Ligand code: RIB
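Presented as structure tokens, the chain that follows is alone, the form predicted alone.
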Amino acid sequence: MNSKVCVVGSLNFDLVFRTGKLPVPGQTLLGGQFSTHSGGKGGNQAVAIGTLGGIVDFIGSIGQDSNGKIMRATLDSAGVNTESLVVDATTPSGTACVLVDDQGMNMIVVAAGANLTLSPAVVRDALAQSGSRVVLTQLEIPMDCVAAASEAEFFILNPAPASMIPGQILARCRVLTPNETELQGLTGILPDDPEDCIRASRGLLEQGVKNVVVTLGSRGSYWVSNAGGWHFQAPNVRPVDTTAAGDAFNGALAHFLAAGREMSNAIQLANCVGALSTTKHGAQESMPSLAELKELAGNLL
């Protein structure tokens, strides 16, 4: 089996501000720590796979600037193949402003930059060279690039940030992984309980999605297919920073599915990877290793 995953997605240089509480509109807060990190949903998910020891190619675009060089180096150090990473000479790399409070909750604003210069032709050519059966993408790149990625044999879409998705893309999704807010945006139904979660997900199944995996933060995740619905609890951990927890989950899910694991097992392992990522600060720096995963969830491996 071809266990390689190809991630088509975004790279953003994160400017992180830590503060006791998150500001309200019009409020200025003093104090807190500042740091910079390599981020972007696509980059985070690729690093999650690489840190677990998976084989992963990355397709995306950065600017010809120092931030882009740092982000590429971070991917390389995690074992991610960056041969298909495009460098745009006229557009700066994507940048994100991340606010994190003492409880680990966050607020994020993204300036997409070079992420929006990626073209579907580049995506198709790079996917052909990669030969990956499993392709994972998100919505921080142009929608026509998402459409190109959806032509893969096994297409996983993390519909974040929340956006309307063309029906032809949904119909090609082997796995769709919305969080609660994204599921509500796609269906108009807030999944407050299992019944609403199933009802909302079935609306997506009717559009051609094969599997809907709803991420519920500390409450784990919910898998809905035409065969039924199942809830999987997340392990109890002490979170310090929830940034990129969803990306950790998505990268791990793609990795374990590509490795041939059953959906239920892959989801449970992804729950553990997502939870472990919240126990460290940062985005890509927080991705757990296979050894750390074995310590928490060795019975699942």
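Throughout, we count residues from 1 along the sequence that is shown. All of these numbers come straight from a predicted model, not from anything done at the bench.
Although not depicted, the form predicted together with the ligand is the subject of the following passage.
The candidate spot formed by 40, 44 and 108 lies fully in contact with the ligand in the predicted complex, as each residue has a heavy atom within 4.5 Å of it. Shown alone, this chain has one stretch from 268-276, 250-258, 60-68, 236-244 that lies within 4.5 Å of the ligand in the predicted complex by heavy atoms: 236-244. In summary, among the residues 157, 134, 75, 96, the only one with a non-hydrogen atom within 4.5 Å of the ligand in the predicted complex is 96. In the predicted complex, at least one heavy atom of residue 140 sits within 4.5 Å of a heavy atom of the ligand. Using a 4.5 Å cut-off on any heavy atom, the one residue of 261-288 that reaches the ligand in the predicted complex is 283.
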